[in-house]
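First, one chain by itself: the form predicted alone, in structure tokens.
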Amino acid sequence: MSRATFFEVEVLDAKTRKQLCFLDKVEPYSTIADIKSLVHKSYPRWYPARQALKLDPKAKPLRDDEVLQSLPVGTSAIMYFRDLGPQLGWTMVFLAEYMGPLFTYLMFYFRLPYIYPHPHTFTSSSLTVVTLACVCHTCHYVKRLVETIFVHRFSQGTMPLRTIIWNCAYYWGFSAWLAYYINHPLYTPPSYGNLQVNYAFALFVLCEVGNFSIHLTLNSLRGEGTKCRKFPRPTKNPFTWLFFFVSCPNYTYEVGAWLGFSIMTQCLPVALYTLLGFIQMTIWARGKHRAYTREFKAYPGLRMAIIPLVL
């Protein structure tokens, strides 16, 4: 009978090069996730999601599903450890990011004390567009929270706590900024009155429904327990037909919704938020588009990243 071959894994600190632990008799079929668990036993404060293991200090972190014997190492492997800091799961990340804007905006809408001059405390605007804007903003973030809890499927991935703080500052801060002006006692309605408000509101609603439809489609793209990857395709739902032209219609609809909100409120902070969101979502969309085209040979050539036939 042949003897089983085991691996030896030496884990070094990526900065100091000092040995953190030496793992003896590691199974050749062990994954990086298994090795992280072994490191966790030696250092309980470094739970697996907090660890990054590399074959070179300057290389990319190894994926959790990579198998030890498939790596370009001998039976004595050296790995470099980096502490990623405290982590939170994606569900908690999105709940933290979205609950803030929801309640922040309502504070300004109901004009809580110390926000506006004293005579306006706990008053409300008589303008229909102000109330409509509050309804739209509230529904938008309620939809996001519902999707986070019931629709989106998250991997075991996490986000560093310091990044979450910056993201929350961005979402919460912009929400407060635009809410301050829209609900201000001196706010003036849009230049073209109800016509502008109604058409912009219609654009907002259509894009919100479209965004939700795309998220449902992406949710059903990969069933539970399967690793088979497929690229998204249009369904019988007309809102998904945008898949004929772009790889990430969820971002297209998201930008469209905020564009409608900008036109409806005619508020500069909203327009700036929409522009920054469009720039960021374009970066994400182009990255996903490139990934799709590399992974799938039969990927539709007509599709662009986020704007049909343009970008």
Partner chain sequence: MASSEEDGAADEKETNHRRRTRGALATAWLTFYNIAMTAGWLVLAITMMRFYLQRGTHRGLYRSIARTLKFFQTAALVEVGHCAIGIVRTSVIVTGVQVCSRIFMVWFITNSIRQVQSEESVVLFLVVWTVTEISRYSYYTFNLLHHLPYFIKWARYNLFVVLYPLGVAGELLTIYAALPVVRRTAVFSLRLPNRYNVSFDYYYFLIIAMLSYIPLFPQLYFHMLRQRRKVLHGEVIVEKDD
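Just so you know, these numbers come straight off a predicted model, no measurement behind them. Positions refer to the first chain, counted from 1.
As for the form predicted together with the partner chain, it is not shown, yet the points below apply to it.
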Answer with one of His120, Arg82, His152, Lys143: the residue that has a non-hydrogen atom within 4.5 Å of the partner chain in the model of the complex. Arg82
Residue among Tyr187, Phe174, Trp90, Phe212 with a heavy atom within 4.5 Å of the partner chain in the model of the complex: Tyr187
Within 4.5 Å, heavy atoms only, one stretch in 204 to 212, 230 to 238, 179 to 187, 72 to 80 touches the partner chain in the model of the complex. Which? 179 to 187
Could you confirm whether Cys267 comes within 4.5 Å of the partner chain in the model of the complex, counting heavy atoms only? yes
Is there a heavy atom of Lys15 no more than 4.5 Å from a heavy atom of the partner chain in the model of the complex? yes
Would Ser191 count as touching the partner chain in the model of the complex under a 4.5 Å heavy atom rule? yes
